[in-house]
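Shown below, as structure tokens, is a lone chain in the form predicted on its own; questions about how it binds or moves come after it.
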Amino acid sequence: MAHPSQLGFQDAASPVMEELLHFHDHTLMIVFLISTLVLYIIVAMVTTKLTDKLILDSQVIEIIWTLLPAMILILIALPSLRILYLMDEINDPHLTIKAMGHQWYWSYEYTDYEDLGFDSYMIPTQDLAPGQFRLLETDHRMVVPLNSPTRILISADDVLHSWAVPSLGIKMDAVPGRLNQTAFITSRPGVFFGQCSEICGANHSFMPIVVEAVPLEHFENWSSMMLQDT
């Protein structure tokens, strides 16, 4: 999860987020090299006492500053398109969960089960147990099996919301009357926090998202217990 004064991304918990981190580093290095080159050229032109009578009319310079940016854009576009299509690819999910946004809480329905669903509300500050995080903990977590492709169907009941979990590399709008979908695979066990990322009213800041990735055996025990309780 995020911590105070953090400048970078959260640690990746899914293969897609790992790819996004690599792409971020790749693009940042290109930007750094471009900035260094431009700064060097500016300093060199300001400090030099030499002049070039062809500096305003040079076919070589025209070719270089046309081809070089084109090559740089290609180096950025190709991995970007690869990740874009990777994020849209959903093949044979092991589990499908429908997330519905409300003012101001989330409800989850495990569509592969006959009657497994619950509402997820933020735990008030005065009710937090020791070690729990303020404004991030919920009374019911969305539990998913580890290393299993999981599809999320996202919609809203009233106004626009957005289901976002940074560690998983997911941010999908929840639109009333429309069903969006995305998928992820958790690569390590743990608890991953997110929040609604679309301003949705007075309590927009108080509808967190908690995803807990557990081994398959633990998930089966949890689902059996939830079904018994209903």
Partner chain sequence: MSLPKPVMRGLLAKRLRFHLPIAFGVAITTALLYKFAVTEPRKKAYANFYKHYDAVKEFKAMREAGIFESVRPAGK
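Numbering follows the first chain given and starts at 1. Here the rigid core means the biggest group of C-alpha atoms that line up within 1.5 Å when the two forms are laid on top of each other. This structure is a prediction, so every number in the text was calculated from the model and none was measured.
Below, we refer to the form predicted together with its partner chain, which is not included among the displayed structures.
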Among 131-139, 107-115, 73-81, 154-162, which stretch has residues whose heavy atoms lie within 4.5 Å of its partner chain in the model of the complex? 131-139
Distance check, residue 65 to its partner chain in the model of the complex, heavy atom within 4.5 Å: no
If you check in the model of the complex, is residue 178 within 4.5 Å of its partner chain, heavy atoms only? no
Interface membership of residue 171, its partner chain in the model of the complex, 4.5 Å heavy atom rule: no
Even though the partner isn't displayed, in the model of the complex is residue 58 close enough to its partner chain, meaning a heavy atom within 4.5 Å? no
State yes only if every one of 11, 22 and 33 has a non-hydrogen atom within 4.5 Å of its partner chain in the model of the complex; otherwise state no. yes
Going through 173-200 from first to last, which residues have a non-hydrogen atom within 4.5 Å of its partner chain in the model of the complex? 187, 188, 189, 190, 191
Once you overlay the rigid core, does the Cα of residue 203 travel 2 Å or further between the shown form and the other one? no
